[in-house]
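A single chain comes next, written as C-alpha coordinates; it is the form predicted on its own.
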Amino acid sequence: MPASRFTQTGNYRTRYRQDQTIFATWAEQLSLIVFVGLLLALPLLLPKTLLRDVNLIMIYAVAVIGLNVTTGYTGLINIGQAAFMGVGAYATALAATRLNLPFFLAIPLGGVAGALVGTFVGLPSLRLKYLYLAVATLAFQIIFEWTVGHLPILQQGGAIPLPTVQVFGIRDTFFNHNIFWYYLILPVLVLLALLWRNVLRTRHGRALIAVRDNDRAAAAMGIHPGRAKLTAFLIGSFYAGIAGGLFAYFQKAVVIEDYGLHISVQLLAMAIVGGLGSLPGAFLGPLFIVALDRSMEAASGWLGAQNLFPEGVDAATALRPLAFGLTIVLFLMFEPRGLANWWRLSRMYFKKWPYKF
(Lines give C-alpha, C1' and ligand atoms only; values in the text may rest on other atoms or scores of the structure.)
Protein backbone atom coordinates (compact mmCIF):
# COMPACT_ATOMS: atom_id res chain seq x y z
CA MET A 1 0.00 0.00 0.00
CA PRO A 2 1.19 3.58 -0.51
CA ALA A 3 3.08 5.31 2.27
CA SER A 4 0.30 7.90 2.40
CA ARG A 5 -3.30 6.84 1.96
CA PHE A 6 -4.25 10.32 0.74
CA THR A 7 -1.72 10.76 -2.08
CA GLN A 8 0.15 8.24 -4.19
CA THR A 9 3.86 8.94 -3.63
CA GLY A 10 5.11 5.73 -5.24
CA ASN A 11 4.34 2.10 -5.97
CA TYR A 12 4.44 0.23 -2.67
CA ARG A 13 2.37 -2.76 -3.74
CA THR A 14 3.88 -6.10 -2.79
CA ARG A 15 0.93 -8.47 -3.42
CA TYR A 16 -1.28 -9.23 -6.39
CA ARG A 17 -4.38 -8.46 -4.34
CA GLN A 18 -3.05 -4.95 -3.74
CA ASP A 19 -2.32 -4.58 -7.45
CA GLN A 20 -5.93 -5.45 -8.31
CA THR A 21 -7.42 -2.54 -6.38
CA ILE A 22 -9.21 0.04 -8.52
CA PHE A 23 -8.55 3.01 -6.23
CA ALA A 24 -5.06 3.43 -4.86
CA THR A 25 -5.71 6.25 -2.37
CA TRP A 26 -8.46 7.73 -0.26
CA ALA A 27 -8.35 10.86 -2.41
CA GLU A 28 -9.44 8.82 -5.44
CA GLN A 29 -12.27 7.24 -3.45
CA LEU A 30 -13.37 10.65 -2.18
CA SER A 31 -13.32 12.11 -5.70
CA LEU A 32 -15.51 9.24 -6.89
CA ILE A 33 -18.04 9.85 -4.10
CA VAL A 34 -18.17 13.58 -4.92
CA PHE A 35 -18.57 12.82 -8.62
CA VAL A 36 -21.41 10.37 -8.00
CA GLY A 37 -23.09 12.96 -5.77
CA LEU A 38 -22.90 15.51 -8.58
CA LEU A 39 -24.39 13.01 -11.00
CA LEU A 40 -27.29 12.35 -8.65
CA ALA A 41 -27.98 16.08 -8.33
CA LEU A 42 -27.51 16.82 -12.05
CA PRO A 43 -31.24 16.59 -13.03
CA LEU A 44 -31.97 19.36 -10.54
CA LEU A 45 -29.42 21.66 -12.18
CA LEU A 46 -30.06 21.14 -15.90
CA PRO A 47 -33.05 22.09 -18.07
CA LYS A 48 -35.14 19.34 -19.62
CA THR A 49 -33.66 19.76 -23.09
CA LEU A 50 -30.10 19.30 -21.86
CA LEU A 51 -31.15 16.43 -19.62
CA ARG A 52 -32.43 14.60 -22.68
CA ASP A 53 -29.00 14.96 -24.28
CA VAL A 54 -27.39 13.63 -21.10
CA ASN A 55 -29.61 10.54 -21.30
CA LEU A 56 -28.58 10.01 -24.91
CA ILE A 57 -24.91 10.40 -23.96
CA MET A 58 -25.24 7.72 -21.26
CA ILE A 59 -27.00 5.31 -23.63
CA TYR A 60 -24.36 5.87 -26.29
CA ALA A 61 -21.67 5.38 -23.63
CA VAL A 62 -23.00 1.88 -22.95
CA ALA A 63 -22.81 1.08 -26.67
CA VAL A 64 -19.33 2.63 -27.01
CA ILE A 65 -18.02 0.56 -24.09
CA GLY A 66 -19.13 -2.52 -26.03
CA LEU A 67 -17.53 -1.17 -29.20
CA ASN A 68 -14.33 -0.53 -27.27
CA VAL A 69 -14.32 -4.14 -26.11
CA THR A 70 -14.40 -5.32 -29.72
CA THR A 71 -12.35 -2.66 -31.50
CA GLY A 72 -10.32 -0.91 -28.81
CA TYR A 73 -9.25 -3.78 -26.59
CA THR A 74 -9.27 -6.67 -29.10
CA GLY A 75 -8.45 -4.88 -32.35
CA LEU A 76 -11.46 -6.17 -34.32
CA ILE A 77 -12.92 -3.41 -36.49
CA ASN A 78 -16.70 -3.31 -36.07
CA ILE A 79 -18.90 -1.12 -38.28
CA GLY A 80 -22.14 -2.81 -37.24
CA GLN A 81 -22.55 -1.76 -33.62
CA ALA A 82 -25.84 0.00 -34.37
CA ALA A 83 -27.19 -3.25 -35.83
CA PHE A 84 -26.42 -5.02 -32.55
CA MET A 85 -28.23 -2.18 -30.79
CA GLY A 86 -31.15 -2.78 -33.14
CA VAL A 87 -31.19 -6.49 -32.35
CA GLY A 88 -31.39 -5.68 -28.65
CA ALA A 89 -34.06 -3.02 -29.23
CA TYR A 90 -36.32 -5.28 -31.30
CA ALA A 91 -35.83 -8.20 -28.93
CA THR A 92 -36.77 -5.90 -26.04
CA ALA A 93 -39.83 -4.65 -27.92
CA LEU A 94 -41.03 -8.17 -28.74
CA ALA A 95 -40.46 -9.32 -25.16
CA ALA A 96 -42.42 -6.34 -23.80
CA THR A 97 -45.31 -6.42 -26.30
CA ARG A 98 -45.66 -10.12 -27.18
CA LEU A 99 -44.53 -11.77 -23.94
CA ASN A 100 -45.69 -8.93 -21.64
CA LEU A 101 -42.40 -8.98 -19.73
CA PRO A 102 -41.53 -6.02 -17.47
CA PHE A 103 -38.77 -3.71 -18.62
CA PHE A 104 -36.23 -5.03 -16.09
CA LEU A 105 -36.51 -8.44 -17.77
CA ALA A 106 -37.05 -7.26 -21.35
CA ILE A 107 -33.87 -5.14 -21.48
CA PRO A 108 -31.51 -7.94 -20.27
CA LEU A 109 -33.23 -10.25 -22.75
CA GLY A 110 -32.37 -7.77 -25.47
CA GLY A 111 -28.76 -7.85 -24.30
CA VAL A 112 -28.73 -11.65 -24.48
CA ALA A 113 -30.22 -11.55 -27.99
CA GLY A 114 -27.56 -9.07 -29.07
CA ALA A 115 -24.83 -11.27 -27.56
CA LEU A 116 -26.04 -14.38 -29.39
CA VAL A 117 -26.27 -12.59 -32.74
CA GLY A 118 -22.93 -10.88 -32.12
CA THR A 119 -21.21 -14.18 -31.42
CA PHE A 120 -22.57 -15.57 -34.70
CA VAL A 121 -21.48 -12.47 -36.62
CA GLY A 122 -18.07 -12.75 -34.98
CA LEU A 123 -17.40 -16.16 -36.54
CA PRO A 124 -15.71 -14.60 -39.61
CA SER A 125 -13.16 -13.05 -37.23
CA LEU A 126 -11.67 -16.53 -36.90
CA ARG A 127 -10.42 -16.19 -40.48
CA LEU A 128 -10.65 -12.50 -41.33
CA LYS A 129 -8.74 -9.46 -40.07
CA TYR A 130 -8.54 -5.72 -40.49
CA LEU A 131 -10.43 -4.33 -43.51
CA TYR A 132 -11.94 -7.69 -44.46
CA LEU A 133 -13.52 -8.09 -41.03
CA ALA A 134 -14.75 -4.50 -41.20
CA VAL A 135 -16.51 -5.29 -44.48
CA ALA A 136 -18.07 -8.40 -42.88
CA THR A 137 -19.55 -6.35 -40.02
CA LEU A 138 -20.69 -3.74 -42.54
CA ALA A 139 -22.45 -6.53 -44.46
CA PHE A 140 -24.27 -7.54 -41.28
CA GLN A 141 -25.42 -3.94 -40.81
CA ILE A 142 -26.92 -3.92 -44.30
CA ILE A 143 -28.46 -7.39 -43.86
CA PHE A 144 -30.01 -6.29 -40.57
CA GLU A 145 -31.67 -3.25 -42.12
CA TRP A 146 -32.96 -5.29 -45.07
CA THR A 147 -34.29 -8.06 -42.81
CA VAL A 148 -36.13 -5.68 -40.50
CA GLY A 149 -37.62 -3.90 -43.49
CA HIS A 150 -39.17 -7.16 -44.78
CA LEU A 151 -40.46 -8.78 -41.57
CA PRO A 152 -44.13 -8.16 -40.79
CA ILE A 153 -43.61 -9.08 -37.13
CA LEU A 154 -41.25 -6.08 -36.89
CA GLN A 155 -43.70 -3.76 -38.67
CA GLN A 156 -41.31 -3.76 -41.65
CA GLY A 157 -39.18 -1.15 -39.93
CA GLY A 158 -42.11 0.94 -38.76
CA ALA A 159 -42.67 2.14 -35.22
CA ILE A 160 -43.30 -0.49 -32.52
CA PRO A 161 -44.61 1.34 -29.43
CA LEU A 162 -43.48 0.14 -26.03
CA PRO A 163 -45.59 0.07 -22.87
CA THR A 164 -45.20 2.74 -20.21
CA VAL A 165 -42.76 1.91 -17.41
CA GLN A 166 -43.58 2.20 -13.74
CA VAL A 167 -41.05 1.79 -10.91
CA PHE A 168 -41.94 1.81 -7.19
CA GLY A 169 -45.26 3.46 -7.95
CA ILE A 170 -43.64 6.22 -10.03
CA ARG A 171 -44.92 6.25 -13.60
CA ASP A 172 -43.11 7.52 -16.66
CA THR A 173 -45.10 10.53 -17.86
CA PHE A 174 -44.61 13.43 -20.25
CA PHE A 175 -43.56 15.76 -17.42
CA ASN A 176 -40.98 13.54 -15.69
CA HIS A 177 -39.80 11.46 -18.67
CA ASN A 178 -36.20 12.71 -18.82
CA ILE A 179 -35.65 12.67 -15.04
CA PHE A 180 -37.33 9.26 -14.75
CA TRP A 181 -35.03 7.64 -17.27
CA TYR A 182 -31.96 9.49 -16.04
CA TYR A 183 -32.16 7.70 -12.70
CA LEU A 184 -32.73 4.38 -14.48
CA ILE A 185 -29.98 4.69 -17.09
CA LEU A 186 -27.31 6.02 -14.70
CA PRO A 187 -27.09 2.93 -12.42
CA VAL A 188 -27.09 0.64 -15.47
CA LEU A 189 -24.19 2.58 -16.99
CA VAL A 190 -22.20 2.58 -13.73
CA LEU A 191 -22.82 -1.13 -13.19
CA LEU A 192 -21.78 -2.10 -16.73
CA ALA A 193 -18.69 0.15 -16.60
CA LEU A 194 -17.55 -1.37 -13.30
CA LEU A 195 -18.29 -4.84 -14.66
CA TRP A 196 -16.05 -4.33 -17.67
CA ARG A 197 -13.37 -2.65 -15.55
CA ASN A 198 -13.21 -5.77 -13.40
CA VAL A 199 -13.35 -8.17 -16.36
CA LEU A 200 -10.43 -6.28 -17.89
CA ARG A 201 -8.27 -7.10 -14.87
CA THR A 202 -8.92 -10.85 -15.16
CA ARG A 203 -7.07 -13.29 -17.39
CA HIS A 204 -9.90 -13.05 -19.91
CA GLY A 205 -9.46 -9.30 -20.25
CA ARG A 206 -5.69 -9.60 -20.52
CA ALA A 207 -6.19 -12.27 -23.20
CA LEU A 208 -8.16 -9.80 -25.33
CA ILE A 209 -5.36 -7.23 -25.12
CA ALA A 210 -2.75 -9.88 -25.93
CA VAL A 211 -4.69 -10.92 -29.05
CA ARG A 212 -4.95 -7.29 -30.11
CA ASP A 213 -1.20 -6.70 -29.78
CA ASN A 214 -0.09 -9.93 -31.47
CA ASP A 215 -2.39 -12.91 -31.89
CA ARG A 216 0.45 -15.27 -32.84
CA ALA A 217 2.44 -14.38 -29.75
CA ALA A 218 -0.74 -14.77 -27.70
CA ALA A 219 -1.27 -18.25 -29.15
CA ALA A 220 2.34 -19.14 -28.31
CA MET A 221 1.63 -18.15 -24.68
CA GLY A 222 -1.33 -20.55 -24.51
CA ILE A 223 -4.15 -18.11 -25.32
CA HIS A 224 -6.80 -19.27 -27.78
CA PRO A 225 -7.14 -16.34 -30.23
CA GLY A 226 -10.41 -17.56 -31.73
CA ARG A 227 -12.04 -17.95 -28.36
CA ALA A 228 -10.85 -14.50 -27.31
CA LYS A 229 -12.23 -12.89 -30.47
CA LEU A 230 -15.63 -14.54 -30.05
CA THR A 231 -15.64 -13.47 -26.41
CA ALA A 232 -14.99 -9.88 -27.49
CA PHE A 233 -17.90 -9.98 -29.94
CA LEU A 234 -20.14 -11.57 -27.30
CA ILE A 235 -19.40 -8.92 -24.67
CA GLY A 236 -19.45 -6.01 -27.11
CA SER A 237 -22.77 -7.00 -28.66
CA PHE A 238 -24.27 -7.66 -25.22
CA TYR A 239 -23.50 -4.07 -24.23
CA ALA A 240 -24.95 -2.89 -27.54
CA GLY A 241 -28.11 -4.92 -26.93
CA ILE A 242 -28.54 -3.35 -23.50
CA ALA A 243 -28.03 0.10 -25.02
CA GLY A 244 -30.60 -0.69 -27.70
CA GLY A 245 -33.17 -1.76 -25.12
CA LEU A 246 -32.60 1.38 -23.07
CA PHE A 247 -32.84 3.54 -26.18
CA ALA A 248 -36.08 1.84 -27.23
CA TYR A 249 -37.76 2.50 -23.88
CA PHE A 250 -36.38 6.03 -23.73
CA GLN A 251 -37.78 6.80 -27.21
CA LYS A 252 -41.00 4.89 -26.34
CA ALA A 253 -40.83 3.14 -29.72
CA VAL A 254 -38.50 1.15 -31.96
CA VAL A 255 -37.89 2.50 -35.49
CA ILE A 256 -35.32 1.13 -37.93
CA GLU A 257 -33.97 4.62 -38.70
CA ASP A 258 -32.53 4.79 -35.16
CA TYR A 259 -30.20 1.84 -35.89
CA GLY A 260 -28.94 2.57 -39.37
CA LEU A 261 -25.43 2.70 -40.78
CA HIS A 262 -25.02 6.37 -39.89
CA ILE A 263 -25.45 5.47 -36.20
CA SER A 264 -22.73 2.80 -36.50
CA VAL A 265 -20.39 5.39 -38.00
CA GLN A 266 -21.32 7.82 -35.25
CA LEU A 267 -20.57 5.24 -32.54
CA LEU A 268 -17.23 4.46 -34.15
CA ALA A 269 -16.44 8.17 -34.23
CA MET A 270 -17.28 8.43 -30.53
CA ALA A 271 -14.86 5.60 -29.79
CA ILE A 272 -12.10 7.22 -31.88
CA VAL A 273 -12.56 10.70 -30.43
CA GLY A 274 -12.82 9.38 -26.87
CA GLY A 275 -9.85 7.06 -27.26
CA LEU A 276 -9.82 3.43 -28.35
CA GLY A 277 -9.00 0.96 -25.60
CA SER A 278 -9.88 3.37 -22.81
CA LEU A 279 -12.81 3.27 -20.41
CA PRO A 280 -12.83 7.06 -19.78
CA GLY A 281 -12.86 7.53 -23.53
CA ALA A 282 -16.17 5.66 -23.72
CA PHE A 283 -17.70 8.55 -21.73
CA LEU A 284 -15.74 11.46 -23.22
CA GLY A 285 -16.39 10.44 -26.83
CA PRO A 286 -20.21 10.48 -26.69
CA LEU A 287 -20.10 13.68 -24.65
CA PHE A 288 -17.95 15.43 -27.26
CA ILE A 289 -19.85 14.18 -30.33
CA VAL A 290 -23.30 14.98 -28.93
CA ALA A 291 -22.11 18.43 -27.81
CA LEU A 292 -20.57 19.01 -31.26
CA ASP A 293 -23.78 17.96 -32.98
CA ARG A 294 -25.91 20.29 -30.86
CA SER A 295 -23.54 23.22 -31.35
CA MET A 296 -23.43 22.67 -35.12
CA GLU A 297 -27.21 22.45 -35.16
CA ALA A 298 -27.42 25.86 -33.49
CA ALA A 299 -24.77 27.27 -35.82
CA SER A 300 -26.65 25.91 -38.85
CA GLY A 301 -29.81 27.67 -37.73
CA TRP A 302 -27.89 30.91 -37.30
CA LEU A 303 -26.27 30.65 -40.75
CA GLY A 304 -29.60 29.86 -42.35
CA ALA A 305 -31.13 33.01 -40.88
CA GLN A 306 -28.27 35.29 -41.99
CA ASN A 307 -28.57 34.64 -45.75
CA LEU A 308 -24.79 34.82 -46.13
CA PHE A 309 -24.64 32.48 -49.14
CA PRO A 310 -26.20 32.75 -52.64
CA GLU A 311 -29.63 31.30 -53.24
CA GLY A 312 -29.50 27.55 -53.81
CA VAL A 313 -26.37 27.02 -51.68
CA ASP A 314 -27.46 25.24 -48.50
CA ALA A 315 -24.26 25.65 -46.48
CA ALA A 316 -26.08 25.41 -43.16
CA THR A 317 -27.21 21.84 -43.81
CA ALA A 318 -23.68 20.80 -44.80
CA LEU A 319 -22.15 22.26 -41.64
CA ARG A 320 -23.01 19.31 -39.36
CA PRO A 321 -21.53 16.49 -41.52
CA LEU A 322 -18.56 18.73 -42.35
CA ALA A 323 -17.76 19.30 -38.68
CA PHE A 324 -18.33 15.61 -37.92
CA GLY A 325 -15.94 14.38 -40.62
CA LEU A 326 -13.36 17.07 -39.90
CA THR A 327 -13.33 16.16 -36.21
CA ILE A 328 -12.57 12.51 -36.97
CA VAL A 329 -9.76 13.41 -39.37
CA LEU A 330 -8.17 15.89 -36.97
CA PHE A 331 -8.24 13.44 -34.07
CA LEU A 332 -6.76 10.65 -36.19
CA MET A 333 -3.98 12.99 -37.34
CA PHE A 334 -3.08 14.93 -34.21
CA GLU A 335 -4.52 13.00 -31.25
CA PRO A 336 -4.99 9.31 -32.16
CA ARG A 337 -5.25 8.39 -28.47
CA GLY A 338 -8.32 10.60 -28.15
CA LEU A 339 -9.64 12.68 -25.30
CA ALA A 340 -8.70 9.93 -22.87
CA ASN A 341 -5.07 10.94 -23.33
CA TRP A 342 -5.93 14.51 -22.30
CA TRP A 343 -7.67 13.10 -19.23
CA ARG A 344 -4.56 11.04 -18.43
CA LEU A 345 -2.26 14.04 -18.76
CA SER A 346 -4.55 16.15 -16.55
CA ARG A 347 -4.53 13.48 -13.84
CA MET A 348 -0.75 13.26 -13.98
CA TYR A 349 -0.47 17.05 -13.67
CA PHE A 350 -2.70 17.28 -10.60
CA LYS A 351 -1.04 14.24 -9.07
CA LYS A 352 2.25 16.21 -8.92
CA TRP A 353 0.75 19.68 -8.37
CA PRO A 354 1.94 22.07 -6.99
CA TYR A 355 5.37 20.50 -7.57
CA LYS A 356 7.07 20.27 -10.95
CA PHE A 357 8.49 16.80 -10.44
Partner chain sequence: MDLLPQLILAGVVIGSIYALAALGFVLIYKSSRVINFAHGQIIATGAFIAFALTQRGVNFWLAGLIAMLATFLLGMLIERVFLRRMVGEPIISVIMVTIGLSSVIDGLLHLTPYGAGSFSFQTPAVLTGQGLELFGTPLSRTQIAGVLAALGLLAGFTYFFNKSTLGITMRAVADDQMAAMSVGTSVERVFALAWAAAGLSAAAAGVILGLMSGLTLGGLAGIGLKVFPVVILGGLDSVVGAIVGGMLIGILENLSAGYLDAIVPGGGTREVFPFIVLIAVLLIRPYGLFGTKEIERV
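Keep in mind that this is a model prediction, so the values were computed, not measured. Positions refer to the first chain, counted from 1.
Missing here is the form predicted together with its partner chain; even so, the following discussion is about that form.
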Check your understanding: Could you tell me if residue 127 has a non-hydrogen atom within 4.5 Å of its partner chain in the predicted complex?
Key -> yes
Practice item. Decide whether residue 56 counts as a contact residue for its partner chain in the predicted complex under a heavy atom distance cut-off of 4.5 Å. Key: no
Review point. Residue 31 near its partner chain in the predicted complex, any heavy atom under 4.5 Å?
Key: no
Exercise for review: Answer with yes or no whether residue 98 is in contact with its partner chain in the predicted complex, where contact means some heavy atom within 4.5 Å.
Suggested key: no
Practice item. Identify which of 47, 301, 321, 37 has a heavy atom within 4.5 Å of its partner chain in the predicted complex; exactly one of them does. Key: 321
Point to revise | Contact residue in the predicted complex, chosen from 143, 190, 116, 179 - any heavy atom within 4.5 Å of its partner chain | key: 143
Exercise for review: Would you check whether its partner chain, in the predicted complex, lies within 4.5 angstroms of a non-hydrogen atom from each of 215, 265 and 333?
Suggested key: yes
Point to revise | Stretch in contact in the predicted complex with its partner chain, which is absent here, among 257-265, 107-115, 162-170, 282-290 (heavy atoms within 4.5 Å) | key: 257-265
Review point. Mind listing which residues of 87-109 have a heavy atom within 4.5 Å of its partner chain in the predicted complex?
Key: none
